[in-house]
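Given as structure tokens, the chain that follows is alone and in the form predicted on its own.
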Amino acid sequence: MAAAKKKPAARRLARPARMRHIIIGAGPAGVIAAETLRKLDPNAGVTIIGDEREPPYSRMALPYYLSRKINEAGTHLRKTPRHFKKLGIDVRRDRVTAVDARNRQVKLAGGGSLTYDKLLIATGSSPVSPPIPGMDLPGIHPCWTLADARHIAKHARPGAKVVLMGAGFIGCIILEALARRGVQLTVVEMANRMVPRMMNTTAGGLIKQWCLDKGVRVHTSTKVTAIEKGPDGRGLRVRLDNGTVLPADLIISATGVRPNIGFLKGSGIKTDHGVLINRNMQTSNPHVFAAGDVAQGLDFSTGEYSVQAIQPTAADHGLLAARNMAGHKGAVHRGSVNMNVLDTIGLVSSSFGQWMGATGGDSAELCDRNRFKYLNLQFKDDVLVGATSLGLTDHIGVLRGLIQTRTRLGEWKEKLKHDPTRIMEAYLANTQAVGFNAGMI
């Protein structure tokens, strides 16, 4: 009797390899990217590597912690207990010392290495310490990490003499928190106005006057030349180039930041001021992406590539990078709009886009010094390309919207040049016209 034929074994379909995504940096860009990757690829391995012992937190929340509006937990980016564990996102506390792009590995300070399929560099920035004698003395702090904020909170007691070096965006956020703590505050700024990278001379001068009226001493067009120990080794003394000597119990340095790109040396990943990326958030290596303060990306207004160290840009970058890492087509970066909103002891200021003006453009300006009201609009042809406002908060969203949509204002440009406060009317007139015309097609 013939033997029965065996049925051929059913072929097993090979499962696609599990993607391994590694994100260096636990700030907003890194966290948003990790959560987006988890949504887009539920089976992928997603690892965040952060070099601080804290849970992922927001640096922008530190002033609220200093002003006692929130506690430490309030600075955390995600408040739900075990948030990352529930999502299957591995958060590791370590520091990446090098990237081996050829073998797709990151080397860790704690020893060993991790292998990736896709890598996101979201390492942010670090404070720059100015080359001033005495900057290494005890009692001098940046305000960049939660650990820094703890030190400052400990020493910034009511009545303490505090010197703040730098009146840029970061410095003025810290200024607000320090003023609320009741310290004797003195601000020293090299530029001829406060917030020089956000405000023109008129607006920056008004912010200075506002601070002076609130009891904050402000030195502009002034440099710190040296920091010394105080008499009998108590406290510190700050020497200024105008001859003034300031006694200080605490000095806070807010003199700028620099993207964290040093660990990429020898990786082959191209850098300039930051990590160079294309409109898909991709670096010179196709398996490596970058986002946030470390990324040198497209500027919406100028078409140039620059580092924009603001949280809204970091959030946008993180989302787009994750979509591209997951292989989604059409996730193209259209450029970040320069945007800053600042509250300085109750005076709200904002700037958008090319607030300093465009080549060949013109402008409209309204200024009420006595009431600290200021509005400046910058045009290129009949398109609003930039704006600055001070003490006027009603239509901040409209300003950004008109800039970002590149809405042609037509006859409304001349009306705005005559009265810049009619910005909402201009917005409604032009957006309704666009909607009507679209409906007629």
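Note that this is a predicted model, so its numbers are computed, not measured. From 1 onward, residues are counted along the sequence shown.
Absent from the display: the form predicted in complex with a small molecule. The rest refers to it.
In the predicted bound form, at least one heavy atom of residue 125 sits within 4.5 Å of the small molecule. The small molecule in the predicted bound form comes within 4.5 Å of no heavy atom belonging to residue 140. When contacts are judged by a 4.5 Å heavy atom cut-off, residue 386 does not count as touching the small molecule in the predicted bound form. Under a 4.5 angstroms non-hydrogen atom cutoff, the small molecule in the predicted bound form lacks residue 403 among its neighbouring residues. Interface residue among 159, 74, 110, 312, judged by heavy atoms within 4.5 Å of the small molecule in the predicted bound form: 312. This chain is displayed alone, yet in the predicted bound form one of 375, 26, 416, 37 has a heavy atom within 4.5 Å of the small molecule; that residue is 26.
No residue in the set 198, 352 and 390 has a non-hydrogen atom no more than 4.5 Å from the small molecule in the predicted bound form.
Stretch-level contact analysis of 391-399, 406-414, 376-384, 46-54 against the small molecule in the predicted bound form, using heavy atoms and a 4.5 Å limit, identifies 46-54.
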